[in-house]
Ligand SMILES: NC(=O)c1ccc[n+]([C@@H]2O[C@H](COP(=O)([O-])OP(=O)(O)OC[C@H]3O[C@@H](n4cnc5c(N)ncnc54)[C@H](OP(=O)(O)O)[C@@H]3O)[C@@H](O)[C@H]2O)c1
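Shown below, as structure tokens, is a lone chain in the form predicted on its own; questions about how it binds or moves come after it.
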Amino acid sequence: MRVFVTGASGWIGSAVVPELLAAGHGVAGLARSDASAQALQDAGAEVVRGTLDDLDTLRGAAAASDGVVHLAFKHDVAFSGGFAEASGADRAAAEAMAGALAGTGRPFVLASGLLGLAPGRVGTERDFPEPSGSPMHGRVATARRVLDLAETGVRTSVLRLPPTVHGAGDNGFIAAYVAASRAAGLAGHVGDARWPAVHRDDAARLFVLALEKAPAGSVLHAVQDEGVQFREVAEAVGKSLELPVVDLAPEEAAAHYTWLAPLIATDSAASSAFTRAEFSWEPTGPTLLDDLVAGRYSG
């Protein structure tokens, strides 16, 4: 297949592209900068210049492809207070690309998230959070919309990712937590909140499987660690940075971790039992705690 990938030069995309190429697929990647374009060329992919706001470009690239993997999201906008704006752009882009595939039976794989899926219990591929007024639920609405588009003759699937897709070079939530802990002089957690986690290479392999095999309307979970207690994350970071580990009240967490505080306090364990059985996917990479103990985040 010739596969169009948004977010192709990002943290996850830069692992997905080599997996696609190794599986014998051609790749065309969206690039919004010269640096991204060069990275894609170096990886052996074609370059499509544009952004998530260039809907005509997205439609054209999708129509010219045999499948789409949509990884891009305006994280910089989202986490500077514009989550609703970022979610709106994500939905418009997804609808444009999936619309270009209508009636073809070609695959469209959407990256979505697991944080907050089923607070207090282990979420499964069958779960969907209830709609709410939270801007965070904009991505949930987009995922529902993409699954509904299976009715238009597109083989849509949603691949949910944990809040931490870890590995050497990760600069996401765990890296931000480590930096904030270093600045605060403590490694904090809020009670016994749990996070799912997956190594980047294992997530990349699952995107290829979803593209190749997922039936229309499928939900997949890229979960290796079902629920790492954030207390254990704090203990590993505290040991690495020689910081005290502190169980914080929510208001104390907000003082030290600002925008991260409600995230590290969210209990969000999730299972991938259905995904593993249905797609013969078995994670093989290091666990999150393995990467923390190995010093991947303490540099």
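None of these values were measured; they are calculated from a predicted model. Residue indices: 1-based, along the sequence shown.
The same protein also has a form predicted together with the ligand, omitted here; what follows describes it.
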Contacting member of Thr104, Thr124, Ser112, Gln229, with respect to the ligand in the predicted complex [4.5 Å, heavy atom]: Ser112
Which listed residue (Gly50, Gly238, Gly26, Pro262) meets the criterion of a heavy atom within 4.5 Å of the ligand in the predicted complex? Gly50
Taking the shortest heavy atom distance, is Ser218 within 4.5 Å of the ligand in the predicted complex? no
Could you confirm whether Lys74 comes within 4.5 Å of the ligand in the predicted complex, counting heavy atoms only? yes
Is the gap between Ala8 and the ligand in the predicted complex 4.5 Å or less for some heavy atom pair? yes
Test of understanding: in the predicted complex, would Leu20 fall inside 4.5 Å of the ligand by heavy atoms? no
Listed range touching the ligand, judged in the predicted complex by heavy atoms within 4.5 Å, from 186-194, 116-124, 146-154, 161-169: 161-169
Each of Gly13, Leu30 and Arg139 within 4.5 Å of the ligand in the predicted complex, by any heavy atom, yes or no? yes
